[in-house]
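As a starting point, one isolated chain is supplied in structure tokens, in the form predicted alone.
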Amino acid sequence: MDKKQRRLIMRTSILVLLGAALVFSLYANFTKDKVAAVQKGDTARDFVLTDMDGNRHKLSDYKGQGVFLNFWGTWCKPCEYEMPFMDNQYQKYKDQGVQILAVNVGESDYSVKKFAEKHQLTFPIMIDNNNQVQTAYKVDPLPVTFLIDKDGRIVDTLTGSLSEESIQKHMERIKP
């Protein structure tokens, strides 16, 4: 076999392998189950996470109450801005049937605990270590808050940092 024939065989083999990889990638991408983002009016997707004190929180256990479901990160400045406001409103609304569940997006226990202590946060803070809840809710970018009514339905999705006044207005919207 001469040099030209060997090069042709080598190039053809490489092209066949690349083509097979492309076909496999396209097949895998189009056949896997795609989870749609939760939208206004949808039933909130249930989850169970453990807070920093070791208490388990199952979203469906909050049926009958409004839930202010907030996704955040310690490195996120808009998240840090709204946290003290959220805690102030939590103190006012927790006895009126509105709960805050703050879901951190997979950071270490140590950094989340330090952040919560620094800001003296009293509402339940959970860490989504394997990003299942973040993925289920299609969270990106941070912060994102889902307002969930007493029937477990998504009332609204709020992206970006919230002022204390807007947090209060939104908690009134989901108060049972």
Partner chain sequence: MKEVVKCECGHVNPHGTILCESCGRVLDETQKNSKMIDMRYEGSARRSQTYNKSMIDKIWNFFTSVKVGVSLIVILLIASSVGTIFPQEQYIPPTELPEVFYEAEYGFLGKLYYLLGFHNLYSSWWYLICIAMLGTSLLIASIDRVVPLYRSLKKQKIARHEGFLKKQRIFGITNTDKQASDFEEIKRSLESRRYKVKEENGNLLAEKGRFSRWGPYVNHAGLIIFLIGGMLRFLPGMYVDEVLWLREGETKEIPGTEGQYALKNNQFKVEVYDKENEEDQTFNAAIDKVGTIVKNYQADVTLYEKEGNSLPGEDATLKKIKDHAVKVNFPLKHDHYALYQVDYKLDELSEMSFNLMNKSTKETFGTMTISLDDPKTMYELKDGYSVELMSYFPDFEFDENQEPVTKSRIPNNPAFIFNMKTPDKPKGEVSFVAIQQTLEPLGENTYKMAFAGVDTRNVTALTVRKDLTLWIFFVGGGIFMIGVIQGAYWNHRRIWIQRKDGEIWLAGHTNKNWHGLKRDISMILEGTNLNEPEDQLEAKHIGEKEK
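Think of the rigid core as the biggest set of C-alphas that the two forms share within 1.5 Å after superposition. Numbering follows the first chain given and starts at 1. These numbers come from a predicted model, not from an experiment.
The same protein also has a form predicted together with the partner chain, omitted here; what follows describes it.
Interface residue among Q120, N131, T43, N55, judged by heavy atoms within 4.5 Å of the partner chain in the predicted complex: N131. Proximity to the partner chain in the predicted complex, taken as a non-hydrogen atom within 4.5 angstroms, holds for one residue of M86, L101, V105, C79, which is V105. In the predicted complex, none of the heavy atoms of S163 sits within 4.5 Å of a heavy atom of the partner chain. In the predicted complex, K4 approaches the partner chain with a heavy atom inside 4.5 Å.
Using a 4.5 angstroms limit between non-hydrogen atoms, A136 touches the partner chain in the predicted complex. Of the heavy atoms in L69, none are within 4.5 Å of the partner chain in the predicted complex. Residues K4, R7, L8, R11, T12, I14, L15, L18, A21, L22, F24, S25 of 4-25 are found to place at least one heavy atom within 4.5 Å of the partner chain in the predicted complex.
The Cα position of G160 differs by less than 2 Å between this form and the one not shown after fitting on the rigid core.
Relative to the superposed core, R7 undergoes a Cα shift of 2 Å or more between this form and the one not shown.
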